[in-house]
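In the block that follows, a single chain appears as structure tokens, in the form predicted alone.
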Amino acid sequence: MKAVRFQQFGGPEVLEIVDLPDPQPGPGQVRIAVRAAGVNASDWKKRRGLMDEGLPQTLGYEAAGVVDEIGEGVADVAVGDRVFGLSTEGMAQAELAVLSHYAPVPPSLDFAEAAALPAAVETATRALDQLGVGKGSALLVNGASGSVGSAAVQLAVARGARVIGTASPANHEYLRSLGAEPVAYGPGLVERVRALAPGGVDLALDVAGSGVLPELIELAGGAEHVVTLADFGGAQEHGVLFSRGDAGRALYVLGEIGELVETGRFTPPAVRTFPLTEVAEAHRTGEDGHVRGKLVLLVG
């Protein structure tokens, strides 16, 4: 099968499309003929050598496609079913991928939209669980317009929370459409949030990693009410929880997101697609940092 791989660290030019052996599903796993695979910031971090030291490396943790082989003990899907999910092997940007955690593609979504869901909704749900977001919570999301931020906004609203979200003014109408009250980021953030919530907020989630943890701590009334997904150094400095998947993933959301999509309570992010062969261009676009929504590779 064709798959994305790199044999040295560096810029997007080190990415290659290579032939690799077809993967085989283990117990409880399914193999899919990939139709679309998500691209995430972790991909270029890995490519630069910032995450894993080993070489060569393959890429891709989320994908959507058609089941073409099932592992031992799998009874909830059949060959030919449309599914989306997560590949713990990190080799989903390929013609075939083994999914360890999966769910049916919501009927109203295409493969690209479904491939944009797994990492964002799992990451967002995990952080909301760690914060204890529920009905009546007042939550501030810093960096609310990207794929993870917009997922966090919508999932928090679905739980009955009040959500205030930071974004550039150009994205404020988008945040309103998701159910959030928008504020601009940058100097004066505390005052702008207090104009909407004079007593501050109950909880704060930092998706952007833009160096505002002290302000979030002030607004939420303490570091114990703040979680960051993007500022590891700041978390250590200020005593804030840095959310990471190795502490336990919120995989249950894969089975729940379909109902939220079909009932209109969750809108997937806008997707920008690239053919698998243009994965380097997808990396360049993502690293440029001005994409709203999700980058997705199309396969086949």
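The first residue of the shown sequence is 1; numbering continues from there. Predicted model, so just to flag it, every value in this text is computed and none were measured.
Not pictured, yet referred to below: the form predicted together with a small molecule.
By the criterion of a heavy atom within 4.5 Å, residue 243 is counted among the residues contacting the small molecule in the model of the complex.
Of the heavy atoms in residue 207, some are within 4.5 Å of the small molecule in the model of the complex. For residue 85, no non-hydrogen atom is located within 4.5 Å of the small molecule in the model of the complex, even though that partner is not displayed. When contacts are judged by a 4.5 Å heavy atom cut-off, residue 93 does not count as touching the small molecule in the model of the complex. With the partner omitted from this view, the residue of 220, 193, 131, 148 that lies near the small molecule in the model of the complex is 148 [heavy atom within 4.5 Å]. Proximity to the small molecule in the model of the complex, taken as heavy atoms within 4.5 Å, picks out 285-293 from the listed stretches 272-280, 285-293, 20-28, 6-14.
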